[in-house]
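You are given structure tokens for the same protein chain in two forms, set apart as structure 1 and structure 2.
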Structure 1
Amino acid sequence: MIMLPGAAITHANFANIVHDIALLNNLGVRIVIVHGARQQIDAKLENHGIDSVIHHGSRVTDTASLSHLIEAIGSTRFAIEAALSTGLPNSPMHHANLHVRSGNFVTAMPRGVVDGVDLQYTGKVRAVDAHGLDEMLFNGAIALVSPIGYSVTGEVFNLTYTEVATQIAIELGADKLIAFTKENGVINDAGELQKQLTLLQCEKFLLKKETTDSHFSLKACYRACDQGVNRAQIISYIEDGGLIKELFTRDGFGTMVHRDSYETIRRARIDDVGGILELIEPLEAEGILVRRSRELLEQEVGHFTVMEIDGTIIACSALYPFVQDNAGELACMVTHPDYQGQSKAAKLLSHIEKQASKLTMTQLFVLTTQTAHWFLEQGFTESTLEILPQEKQTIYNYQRNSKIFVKRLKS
């Protein structure tokens, strides 16, 4: 689900966003775009000398402004359809052949009278035709939905695009909601970008009750995640490549909102080798970890356990069994720098300890050069070479001079 405010559509970077959408569509990603038109509506009403009444952040849509509003929303939609239809030979859209479909997917009803003010043709979403949308997406089309809904009485209602997008994302069970805003994500009071927000953290930001686009976008992300959408992301429409960075890089872009239990710990598979290498290579280069070739890692990947967030490996560790000694060697314990200090490695270790106990291991040992204190804090104690299985003693690298730590496991 892509949520595009009206201001994004007139911005110079919009052409790049369109190229990214085309690329995603060609890769088979199913896309629904819901657009806003606040800027276009404001301009249209101003041209006609109409002053809108804003009540609790919502525009009161009277009969006089409704037709202008429909025009503004309609022309905004046409501008998006036109941009998605380009195909000039010297542009990334050449042969893109995107199929864009719109329709009566949203049934609306009036908001009614709020605190004594009749909002008239300002409505809210009553129902979404998820089946109709699904069918179009299944056929490879991009669904383009405007912030307009029709009531069962045949009237047209002005809707908030963030509400439309959220409701559709929830009904479709979207994997992700991407909210384009002017700012790239949520900035805290210290002026720092919040790269991730849990729903609980989100609530604190939402307490501020602002009426900015970013605030409404955050609210939409919160609601979507609270009701089943796995992730939501707030990214800037000003910067080129944000959408692609968000979807295809470990660090993403902007702010990610997620439900609390979004990380998974599992046994590594062969297709995780690339992700594990990305994590461990910088540490091998620094001499903190012993170098492993890709070939060796491919052979040993079955010993690895990984922690994954949003399809990306953010921590890993290996457990090598020494069956005769009822012992296991813990190695390659790494957390990506962006996620350190959040107990990820501690959780991974506790998972591996349970795994080791099931394999009837009674103790874990680890050889480390620079992480002694971390292991001490995890209940390991320093030990000597003699404690190691014979097989391990013979290959101990005296030059590396690693310290040896041991932890007895509860049975």
Structure 2
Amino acid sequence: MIMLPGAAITHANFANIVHDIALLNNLGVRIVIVHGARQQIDAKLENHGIDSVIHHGSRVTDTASLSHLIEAIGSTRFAIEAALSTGLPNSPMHHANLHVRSGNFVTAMPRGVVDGVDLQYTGKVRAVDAHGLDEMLFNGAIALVSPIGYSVTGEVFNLTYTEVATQIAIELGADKLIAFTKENGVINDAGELQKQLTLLQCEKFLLKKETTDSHFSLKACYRACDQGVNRAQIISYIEDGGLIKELFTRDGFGTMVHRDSYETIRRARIDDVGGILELIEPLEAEGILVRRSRELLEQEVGHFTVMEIDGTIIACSALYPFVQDNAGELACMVTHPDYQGQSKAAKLLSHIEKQASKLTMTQLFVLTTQTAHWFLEQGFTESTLEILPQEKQTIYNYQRNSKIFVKRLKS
């Protein structure tokens, strides 16, 4: 995933960035480019005598400016497509033969009123057509996405390119997110370049609440890595060869953000039994979970997946397979109270769903007495006893009267 601000596209070094992108494409790297156009929009509005209002880093897009904004974004996209289509002899692009595809990949919704200010046609990402993007990438094309989204009611919304890029990177499970900025990465208080940042270190930098491009890029990198992207890099669009140096040299070139090594999701081991018991025993005492003895847990620990931070288990869940029914039971999903509300359970569920798919399971089911709404939010639907495997039906506890939820898994 490559994030290109509008300023990078008009810079003299843009041609060299295009050459580097062509090289990566020819090496078989699948690339999505999301471009910005703030500089181009500012110029277009100024030419028409329209003043822009920026509120917390987002432009207030009214009816008068919307058509000019669309025109500016469209011309910026055409400039990128033209640059990626060149192939003059005796140039780095000779025989590059890049295939660039654009389209309507983002569904948007209005951002609404923020601190009393109606942002009008400024929106936020509602959904991403990950399947359409993945299909193009599979066929060797470079996907080019503009910071515009369309609502289900047919309206056009102005989006921040950093949000679009971040959401697409998360949905596609990108290996890397590359954020081009004027500055060559993140500079600390001593004026030194931060070569690497963990998510925890990112949080400290983001507390400064700056409104610079590098700050918004760092925020995008943080969110992407927090939601599953392994690496994100911030590099300067001014430096020739910066992209190649960052990707293919040991020391890199800009700032690399990476997922904290202290947060890990993995299969449980026998020495995790004590930590799992500490998580589930309070809920067993309240009757929310069915009691499990240490002996039973030791026998079943191979079915458990845990999330640990700094060596401490902070969440767990079990997956019990029903092979003949191509189904799996999700059970004992618990998050430590100190980490609730941080999407830890959703991350753990996503990991387990991938496990289940690898085991050729076509659906997950869960029995719960307390967390029905959460499972509905995760894509489960309420069902009846008959949907359960026969083996599970025979041991259903009518006294607990657990509700049954099912989720179909993507093949």
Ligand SMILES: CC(C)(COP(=O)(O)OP(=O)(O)OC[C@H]1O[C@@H](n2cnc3c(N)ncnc32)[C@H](O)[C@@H]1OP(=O)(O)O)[C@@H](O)C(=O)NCCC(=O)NCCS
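Take the two forms, find the largest set of C-alpha atoms that superpose within 1.5 Å, and that set is the rigid core. Since this is a predicted model, take the numbers as computed values, not measurements. Numbers given to residues start at 1 and step along the sequence of structure 1.
Q: Eyeball the pair and call it: which is the form predicted on its own?
A: Structure 2 is the matching one, since it is the form predicted on its own.
Q: Once the core is aligned, please say if the CA of His48 is shifted by at least 2 angstroms between structure 1 and structure 2.
A: The answer is no, as the C-alpha of His48 shifts between structure 1 and structure 2 by less than 2 Å after core alignment.
Q: By the 2 angstroms cut-off, has the C-alpha of Leu348 moved between structure 1 and structure 2 once the rigid core is superposed?
A: After core superposition, the C-alpha of Leu348 moves 2 Å or more between structure 1 and structure 2.
Q: Relative to the superposed rigid core, does Ala64 relocate between structure 1 and structure 2 - that is, does its Cα move 2 Å or more?
A: No, Ala64 moves less than 2 Å.
Q: With both forms fitted on the core, how large is the C-alpha shift of Ile276 between structure 1 and structure 2 in Å?
A: Taking the core as reference, the C-alpha of Ile276 is shifted 39.3 Å.
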